[in-house]
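Presented below, as structure tokens, is a lone chain in the form predicted on its own.
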């Protein structure tokens, strides 16, 4: 460890992703067909790459990372450093040790590249000419566009309308990567036109973006959909975060007492936490707290029901058992669009249902106020979504102070906040 940074050499970059399915305390409830209509499982075969679907249902614990993907991981700066937030600790006057993973250092400023690169690589290997993806906060969109540029594929992004208009700079950046960016709902698809007929000022949602993405993929043989979160193959790609972090903590002989991160549908928190949850389930970790930090605008793991539901309103995918507020629920608009989802991932939901992970929900203003403290102490401007993790880490550190315990707190800075300043201004007002 040097200057509070813990580095891994390139040759320590993991060569495998971790798949939690074999280690879950109970078998994951299978995807289910609805009572009426065409087979949704068959539709998945038309929507996604063959490789993605093989990984989605794989029972192998360790999945080899293709050499070309590993090469691009190194190109974008992996392994990423783990930082100790010593200045924040001093500001809080806490005995806790706070560590944060720097996923914000990715070229697009977000952890989403960990899955978008392999998914686009699969599309390239399987002969597709175009990739299409939905995006809310924009991190998925820019990451897919980056990967598509690396493999010379065409790229179309359906971007939640209100978020796209709030993040003009990120939208321009994504277009610079040669992607076609379309506000969702749009006039380019049948389902988009339907939403606009119902409400010409429709702000859009991840649901509308998913629906338009699926329509385009299903109607064009040369096009394949890229999934941003929730699905098991996406989550396993992101475990590169937690696998690196485990090695970094081993270097300094530390074991975490709290592992937390922000969570919407669920890929960021699992990416950090699932390798640690494996150790916990194997009996290698004792009294540890796993904490998902959600927005009070979409507290799926707290107020949702654990049941089968569709993940988006076009009902293109199979029913999944998960914590859901209801697929048709109209969620309040917030600036941290990446956390605004009506349901959580099936694996994350199962772990919540089994009592292995905890969840809290925060108000956006308190989260962004915490991000301001983090900037003033650590010098890192985090994404709006990451602000929720910062707030939770601060609260855990203050709790350790009250209890006079030297806890080790680990969280993920999932994204960079430089494209999020309009959202910060709208909420904090005094900047």
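Numbering follows the first chain given and starts at 1. What you see is a predicted model; the values in this text were computed from it and never measured.
Another form exists, predicted together with a further copy of the same chain; not displayed. Remarks below refer to it.
Residue contact check for residue 71: one or more of its heavy atoms lie within 4.5 Å of a further copy of the same chain in the model of the complex. Although the partner is absent here, residue 252 sits far enough away that none of its heavy atoms falls within 4.5 Å of a further copy of the same chain in the model of the complex. The closest non-hydrogen atom of residue 371 lies within 4.5 Å of a further copy of the same chain in the model of the complex. Residue contact with a further copy of the same chain in the model of the complex: residue 151 places a heavy atom within 4.5 Å of it. Against a further copy of the same chain in the model of the complex, the set 146, 377 and 425 is in full contact: each member has a heavy atom within 4.5 Å. In summary, among the residues 307, 87, 315, 125, the only one with a non-hydrogen atom within 4.5 Å of a further copy of the same chain in the model of the complex is 87.
Scanning 107, 332, 355, 326 against a further copy of the same chain in the model of the complex with a 4.5 Å heavy atom cut-off leaves one residue, 107. With the partner omitted here, the stretch from 232-240, 190-198, 168-176, 282-290 that lies within 4.5 Å of a further copy of the same chain by heavy atoms in the model of the complex is 168-176. Using a 4.5 Å cut-off on any heavy atom, the residues of 396-431 that reach a further copy of the same chain in the model of the complex are, in sequence order, 418, 419, 421, 422, 424, 425, 428, 430, 431.
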